[in-house]
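Okay, so here's just one chain, in structure tokens, the form predicted alone.
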């Protein structure tokens, strides 16, 4: 008896750019395209095509397990239910009726990516995956001559950029790469392009929507070396100062940054951890008092709130800054603009410079930005500097209205 033929309809109509990527015979396909271009839907549809052509084992890999949720959800939307034999939500695996097995993995631990033999792998947000993870995955494709599809918006010029460059080289026919801005997707709203261009920092827009590989794009701040001038200085009678305080108790560091309001220069700086709260408060008091009763702008989120009240009861001038993703974005982008215009200056403090260079952003699914230090790094120096700059650059009435909500 012959095999039963099943005809199914897949709810996916590729646009022109996606079609170009589908028809490529290259073993390694790299898509460096803007946000909402349709990279994920392309990859899911291509995975389904490969999985239906023959019984295969394929992996979807993302930098973290939660980030793999989008390809998991998209696959279940695109794959007709009659083609699915089993769905294991806990293990994040799907078995198809023809014997193909698809699994979703986190790329966070490269050791967990070793050992499997794969017919294909799809890496989502590949530019944010560690190079070591790709190096662990690549041998899994060897014995079966497996394929790889890497999709991502760019993130500086890292290993993903190297893979993209190979795809542009006619001498490497196993590789093919494409670079499309978001608005080459015919379904991308034109007004959204204009709003994003207006509202986002230039570098963010160029990278996230125009899909440009920017030099040092992983770093949020430009002109760091140009602004790292001058030296710490003693207080001057009659001058106004602001003290930015980022609090920590054990793992992170408490950082104190004093800026001269008129010169817009960091004149005093301290960083410490594993210090009792009582001693921390004394250090803050002493620093503020020494610099002409400096206005203190302090992180008042969580444990910072009672410390703020203690400092106020001690007669100090204090403004609290409540951190949410939105308020942190405002704080960081104000500091970004200061660097862009070279309005801020500070001594070449090594740990501060390193944090500024490493500081990065992440575009969240809703289109908002989250600024943060890379995993395993600190951002205390950056936040302390940003709080000081906020106090220096914002008019007093605006400062009081914004930061005490």
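Quick caveat: nothing in here was measured; it's all calculated off a predicted structure. Numbering follows the first chain given and starts at 1.
A second form of this protein, the form predicted together with a small molecule, is not displayed here; the remarks below concern that form.
In the predicted bound form, at least one heavy atom of residue 153 sits within 4.5 Å of a heavy atom of the small molecule. In the predicted bound form, the small molecule stays beyond 4.5 Å of every heavy atom belonging to residue 29. Using a 4.5 angstroms threshold between heavy atoms, residue 17 stays clear of the small molecule in the predicted bound form.
In the predicted bound form, no heavy atom of residue 108 sits within 4.5 Å of the small molecule. Distance criterion of 4.5 Å from any heavy atom to the small molecule in the predicted bound form singles out 36 from the list 378, 36, 345, 57.
Contact with the small molecule in the predicted bound form, defined as a heavy atom within 4.5 Å, holds for exactly one of 280, 179, 158, 185, namely 185. Only one segment in the set 355-363, 369-377, 337-345, 38-46 has residues whose heavy atoms sit within 4.5 Å of the small molecule in the predicted bound form; it is 38-46.
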